[in-house]
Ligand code: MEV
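Presented below, as structure tokens, is a lone chain in the form predicted on its own.
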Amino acid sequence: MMKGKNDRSIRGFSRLSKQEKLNWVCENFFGDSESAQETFEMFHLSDPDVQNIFDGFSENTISNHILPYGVAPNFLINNKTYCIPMVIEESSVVAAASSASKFWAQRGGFQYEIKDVEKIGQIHFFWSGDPDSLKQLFNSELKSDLNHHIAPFVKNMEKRGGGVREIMLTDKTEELDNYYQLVLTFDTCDSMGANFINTILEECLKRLKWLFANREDLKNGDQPEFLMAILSNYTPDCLVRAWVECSVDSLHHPQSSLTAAEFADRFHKAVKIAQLDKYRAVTHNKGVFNGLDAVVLATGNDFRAVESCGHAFAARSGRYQSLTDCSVENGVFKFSLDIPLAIGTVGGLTCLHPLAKRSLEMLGNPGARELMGIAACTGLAQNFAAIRSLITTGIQYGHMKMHLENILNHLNASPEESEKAALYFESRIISFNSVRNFLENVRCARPVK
């Protein structure tokens, strides 16, 4: 009897070998089991030691997922030229960033400044006693006790110039009955610092539990319910500002039908719309992350944390809006980006992933602050290129030009057919159907041998 879909379950899957996991997946979820297995095995690395490193990044691994690794050269950032690694599956993103880097290199390049690098962790707990008593106890004893307790754990970070900046008690009882937070702020230097922050938080939590359970003056009173201790990925004070500026007259491009003043005006309006309309703002900010995420991925950082923080920051006013801003004043055009970026250059995948290490080497082995600036400038460049396309030729013109190669590959076009297609679609609208029809006509017209 054929098993039903709901019968394809297994116990102890994590204890199987990698090959056994792959066999089970292919046999149960693919009609062409052998072909599926060949596909997954195609992306195993030939060096078993390196493959073991990759397998250690995740759980229940059966293969590797490959994404293109491109570079955007000629990025002039704070008067230093970079070749920027970008991991992304969309070719038009790298092309657009490269185009923007070339454009701005001739106009002074990109600039950035780091506003701060403060990160946050929280201990969430409930306490039904008198708020003033808790605050007095915290200020008189608990804060100093916690600082003393975590001293051995922050020692090495302090040697590098970081550590715990502050421990604060926050009363949230007006928002939720009996709810309090212990908020710790951190400087984690060149590491993203998630493990360090969570370790310190859990040590503080253990110490608080011990104090309330063992001190005579505390254990007989109201006992807190300690719920959880975890870092926050919202880091509004781990902030970088990136910008470009030039005279309006310098914006003229010989291939554009717009005057420099018209371009500046249309660009300014496009950014303002993204500050007013959330539907446009989401797509607008996605353009920023197209460039920014590609750098974050290439350097082995956590793009999910960066994205969630960035989108929260975009809504900090209570309305979701553009992360970038534009001004045209006294004949000067300025385009800027403010964004929180909790990324690092030591620890985690930055040290383990071979390409992440090479990416950082390509960038000159930057510290976390410099990498924040590089990533922000790449995001700004990508957003500039996207807006420029939107207000001039339209986004599909350049995007589909880059996408043509993917369509041709999908349709198994020969090199000769691809060359003819590139010439044919130089001034025509590109779509999957139009390319398919073109190839069919070319193939029908081919002499029969």
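Please read these numbers as outputs of a predicted model, since none were measured by experiment. From 1 onward, residues are counted along the sequence shown.
Although it is not shown, the form predicted together with the ligand is what the next lines describe.
Mapping the unseen interface onto this chain, E90 counts among the residues with a heavy atom inside 4.5 Å of the ligand in the predicted complex.
R207 falls outside the set of residues with a heavy atom inside 4.5 Å of the ligand in the predicted complex.
The closest non-hydrogen atom of R241 lies beyond 4.5 Å of the ligand in the predicted complex. In the predicted complex, at least one heavy atom of A386 sits within 4.5 Å of the ligand.
Per the 4.5 Å heavy atom criterion, the ligand in the predicted complex is contacted by stretch 280-288, the sole one of 213-221, 130-138, 259-267, 280-288.
Residue L390 is the only one of L411, L390, L404, C26 with a heavy atom lying within 4.5 Å of the ligand in the predicted complex.
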